[in-house]
Every structure is written in C-alpha cells, then in structure tokens.
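In structure tokens, the next block holds one chain alone, the form predicted alone.
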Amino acid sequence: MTTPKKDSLYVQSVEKAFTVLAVFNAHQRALSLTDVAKLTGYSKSSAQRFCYTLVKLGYLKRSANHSDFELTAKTTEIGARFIESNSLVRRARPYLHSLSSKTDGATTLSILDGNEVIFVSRFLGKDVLDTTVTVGSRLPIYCTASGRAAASLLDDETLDQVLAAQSWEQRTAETQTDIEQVKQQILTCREQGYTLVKNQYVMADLSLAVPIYDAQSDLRGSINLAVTTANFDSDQLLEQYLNLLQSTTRAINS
C-alpha cells in the first residue's frame, strides 16, 4: 500500500494492523509469528505487538498448538456490516435468489475494489462448479466475467491502470493473458452490455455477466450467472438467460 509521505491524518498503525489480518487466508489459515513477520515485511517485534493487540481485541486467537495465530469469527463483522448497510446489496439479494432458482446456476453480485472484484452476495444453484468461492472472495478482473463486466464501467485511463496491475496468471489452459485481447473484450462488453467467459478462471465454467452501477453508493460492479459447460454451451446460455439476466439487473436498479 502506497501512502503520501506527508499526511498528518494518516494513521500508519491502522494500516499495519489490517495488513496483518490480510495475510491470513484459506491457504495460510494458521501462521506463526515468524510467518506473519515474513509475509508483512515487519520486524518480529513489531509483528508480535500487532498480533498481541489483535488477540486482545478478539480478531486473532492462538491455535490449538498455541504457537500459531488464526483469525476469529469476529473478523467477519466488518464485512457483514457493509452487506447489511449497503442499499445495492440489500436490493439485489432477493433478485439473485430468484435468478438462481430459475436457472439452477450460481448467481453473484460483485463490486470493483481496486484491481479486483469482491463477491458481496451469492446464491448457489444445482448447476454449480466451484463452491469454494463465497461472499468475500476476491477474484481477478482479467479472467472472470464478473471482473470484465464491472471493468467495462471504468473510464479508459482507469481501465488501463487496472489491467496493467493484473497478475496475468495462466489459471487454466485456456486463460487469456494477452492484455490487448482482454481489453478489447471489456470494451465490447461496454458496447453490448454483457460479457461471456468460458474456462478462464476454472475449467468447465461458463459465466455470463452484465455490468451494474449504483449511483446511490457510487459502486461499480456486475451481476453474474455461472453454469457448467457440461449442461450449457455459449449459445444456449445467451439464448435462454441473457434477457433474464438483463431484466434482473434493471429490476435491481429500478
């Protein structure tokens, strides 16, 4: 995180505390003090003070072996408060549930956050592939329908900056990692109002997304419908559900 050199209002210790919390994830569930120091770049004594304070505040706890730290359920409170208080998320929830019921697919509301999208509401249908992606998951923009659709709402300069910051990891054998090709598809989404992505983030995934902008909260995001390639091809998905997805988005914004 880059901050101005001179900013009298900026509290760097708050940034550091959140940085400590951010190093924990599904692959790094329990971390030692040495791990935390290495992942954050802090000295071991500094990491110890932050971990101790976060334990006292209830956001971290000692693991069963007493040598590692783990997140606590209290860390979900901040995200939950956003979901409860945001008008777009509240409006979208029943429509996403209805869309999932009608299509048997996974439906998601995602919002742009920096160079990624965050899933803020999600319903799983019968035709779903990846159940590990949940509310709060952060996904890249370049290889997801949700990300591409949301990015289509950005101005050209910001879009270039966001694309330049992508990891461009080859997630599947079919992942597109050519920045100009992906940018063109995002621009096409801007023109036609939807994007379709196949086998880009995970294999056998077929996702259709439309952008959504909420003027009230100034959030840019997308509504996504994901199914498996075992049950649909691209033409079938567009023919059967594009109109439904677009009408759902209009209803959420009405």
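The structure presented is a predicted model; accordingly, all values stated were derived computationally and were not measured. Numbers follow the displayed sequence, beginning with 1. Rigid core (definition): largest C-alpha set, two forms, superposition within 1.5 Å.
Absent from the display: the form predicted together with the DNA. The rest refers to it.
- Comparing 217-225, 29-37, 202-210, 181-189 against the DNA in the model of the complex, the single stretch with non-hydrogen atoms within 4.5 angstroms of it is 29-37.
- In the model of the complex, the DNA stays beyond 4.5 Å of every heavy atom belonging to S63.
- The DNA in the model of the complex is approached by S8, whose closest heavy atom lies within 4.5 angstroms of it.
- The DNA is not shown here, and in the model of the complex it never comes within 4.5 Å of any heavy atom of T229.
- Though the partner is left out of this view, K44 does reach within 4.5 Å of the DNA in the model of the complex, counting heavy atoms only.
- With contact defined as any non-hydrogen atom lying within 4.5 angstroms of the DNA in the model of the complex, the contacting residues in 48-86 are Q48, R49, F50, R62, H66, S67, given in sequence order.
- Superposed on the core, the two forms differ at K38: its CA moves 2 Å or more between the shown form and the other one.
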